[in-house]
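Shown below, as structure tokens, is a lone chain in the form predicted alone; questions about how it binds or moves come after it.
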């Protein structure tokens, strides 16, 4: 089979890695989206899951690479087998560790490129073992890490030159053509105001002329930058040590004071739904979450005001606010005001004309599992997907035949 040119766009998040595969088939751009869990555990070499596990939901793979001068060698598991058998001793990303120095990045990337081969196999209708692919990888970093971490991230990924997976069985040398690194936040801006082909979205044409404050809210930090004339203002980069985890921690503290311990996953879900299961009952925690969001938003907005007071772009000169990132935790409960709206309300005290930038609407093809009928469904792009959407728009330029 002729060598294929493909692009893997990767956004290493805190709880999951989001990815998009881009390629061309019959001269048309094709894409596949998927997510992989960022939780892993190291196991003994030769570990084999018992027959209760499926290779659709579990993965065992070997790593032999390095980060800088540090060797990373071992066998790791992910998926259902990790969740059920190694839930107390897992490896995951942390807000304190840079992505380009983290072992979790090596593991997440290996799993993502394995899934990327599966995606390409589906697009081209061939067995993944028969694919010969030259990859370009597009990856995101916080804007403040670009200068220091761009080359280090490229080196980290280039050092991972093979997939050695034992469950399911899959071995493949990775042919990596190049690594492109783009800043988070700015990618979210691109994903909001542009569509495929780097064409401005009709509803955001006026935004191209405005000054936009971008807040990328992660688990432990909020990274800010200002975009003017479609370019990042370099001296506007600033990181604030507040994020989605602070909301989760406030909720957790309220239960710990009552002597109740809850799983982190249940607390994160509660921030979105407004309800949490405690024992045999369900408790409404929407008021606690609203108060936590206002407290976090207050700290973030005060830090922004102080930082911009002496800058070339004071807050009252900014027209639009774009909020993105998984830490924003969009709510499914009408009683819970979104963190985006709370932030813009608080910033209006200094910048009365600032408005929240809406998220774009995209079309998705939904297949009926019974009838196999395909329908196009329109929905707003999730705040956590804006960055990878923008990175994939940048990534189009690398797609070959």
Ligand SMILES: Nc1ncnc2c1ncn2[C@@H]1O[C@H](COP(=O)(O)OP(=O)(O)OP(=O)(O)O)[C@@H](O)[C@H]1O
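Residue numbers count along the first chain shown, from 1. Here the structure is a predicted model, which means the values were calculated and not measured.
Below: the form predicted in complex with the named molecule, not depicted.
Undergrad: Do residue 201 and the named molecule come within 4.5 Å of each other in the predicted complex, heavy atoms counted?
TA: Contact with the named molecule, no.
Undergrad: Contact between residue 144 and the named molecule in the predicted complex at 4.5 Å, heavy atoms?
TA: No, residue 144 stays farther than 4.5 Å from the named molecule in the predicted complex.
Undergrad: Look up in the predicted complex whether residue 73 has a non-hydrogen atom within 4.5 angstroms of the named molecule, and give yes or no.
TA: Contact check for residue 73: no, nothing within 4.5 Å of the named molecule in the predicted complex.
Undergrad: Using a 4.5 Å heavy atom cut-off, state whether residue 111 contacts the named molecule in the predicted complex.
TA: Residue-level check for residue 111: no, no contact with the named molecule.
Undergrad: Tell me, out of 274, 244, 191, 79, which residue has a non-hydrogen atom within 4.5 angstroms of the named molecule in the predicted complex.
TA: So the residue touching the named molecule in the predicted complex, by this definition, is 244.
Undergrad: Pick the stretch from 296 to 304, 82 to 90, 230 to 238, 212 to 220 whose residues have a heavy atom within 4.5 Å of the named molecule in the predicted complex.
TA: Careful reading of the contacts points to 212 to 220.
Undergrad: In the predicted complex, which residues of 297 to 328 put a heavy atom within 4.5 Å of the named molecule?
TA: 325, 326, 327, in sequence order.
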